[in-house]
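This document starts with two versions of one protein chain, written out as structure tokens and named structure 1 and structure 2.
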Structure 1
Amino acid sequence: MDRDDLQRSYALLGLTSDANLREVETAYRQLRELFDEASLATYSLLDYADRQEKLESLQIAFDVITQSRICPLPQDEPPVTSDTGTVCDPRTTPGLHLQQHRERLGLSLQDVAERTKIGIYHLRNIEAQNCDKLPANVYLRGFVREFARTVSVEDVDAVVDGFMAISRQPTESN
């Protein structure tokens, strides 16, 4: 897969490359319905072979786009770093580490929320490490683990362990 394939895939679905995951899924679903055998809109325009070819190309385009979100194309940029220019340690700054991975993949918090079914409120507070605004650790552990998996963190356990260590520390108001 290359950038041209990705651009052609977006064009086939009638989208631009800045479309979010929900827009991609909606466009794909609508076009599949349009070219379905039961669709009266294209019934007399396409024969069975043409219809199948179109459906197959839509499936390939959808797969290319979703795969690019999971495993993005290599960038000509250095690794994502913090404001100080260093790669964030998942054990000391797990929230920032997750944010960097999410941004590197080009995902919005909305994209992550749709994939993980975790609310944006919780995702924002995980990235900001606002532990006092997050649920109990038993839930938080699962949220952080799923977030880390979704943004393709290499060492998920390091991020989870780092976040759990931070969440056990007393807050300034205590």
Structure 2
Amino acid sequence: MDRDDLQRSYALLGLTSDANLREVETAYRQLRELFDEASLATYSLLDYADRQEKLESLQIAFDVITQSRICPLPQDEPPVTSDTGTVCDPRTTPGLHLQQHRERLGLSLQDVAERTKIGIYHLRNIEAQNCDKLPANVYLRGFVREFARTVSVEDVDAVVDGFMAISRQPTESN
């Protein structure tokens, strides 16, 4: 991945590189919906193959951006409660999903580190989806699972899957 790829990815989502992860997720979700097979607003604008390609390019742009993120934690954002329905998707933005759950419980990263016995360095990189600095998959899987349980994530497997999907290293299982 190079800088141009990254620029193009932001442009594709209609964003600039100063967008935060939450904005990235929202833009991605809205565009996916707009170009979905069932969307009335793009009915007949694209044929089947073009639509699939469009959706795929959105997916790639989203992945490129989330993987490039280096710890830009929005520390002062208000806690998100589950009944507002704005909790991020555990598969597409697992780091943000973990962060939201942690904040909802009013826990700091230090708190989570003490409870899980996982280094705060790793926890921070996990939340930020900082792919360059994530531990090897064998460790990552266990860390994420532990982190997710500690902050009461409902669907722990989804978060683990989400991280396996964005992790750069080949997964050992497939």
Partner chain sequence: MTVTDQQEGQQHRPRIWAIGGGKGGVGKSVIASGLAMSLAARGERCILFDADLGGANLHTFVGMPNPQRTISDLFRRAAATLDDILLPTPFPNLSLISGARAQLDMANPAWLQKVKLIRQLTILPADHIFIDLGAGSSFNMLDFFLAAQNGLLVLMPTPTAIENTYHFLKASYYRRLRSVIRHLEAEDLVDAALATKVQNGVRSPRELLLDLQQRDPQVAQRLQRAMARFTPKLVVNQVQRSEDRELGAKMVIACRDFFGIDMGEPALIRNDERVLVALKSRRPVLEMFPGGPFAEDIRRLLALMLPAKEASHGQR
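Rigid core (definition): largest C-alpha set, two forms, superposition within 1.5 Å. By convention here, residues take numbers in order along the sequence of structure 1, the first being 1. Everything numeric in this text was worked out from a predicted model, so none of it was measured.
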item	value
Which of the two shown is the form predicted in complex with the partner chain	2
Core-superposed comparison between the two structures, residue 31 Cα displacement 2 Å or beyond	yes
C-alpha of residue 150 moved at least 2 Å between the two structures on rigid core	no
Large Cα move at residue 13 between the two structures, threshold 2 Å, rigid core	yes
Displacement in Å of the C-alpha of residue 45 between the two structures, rigid core kept as reference	84.6
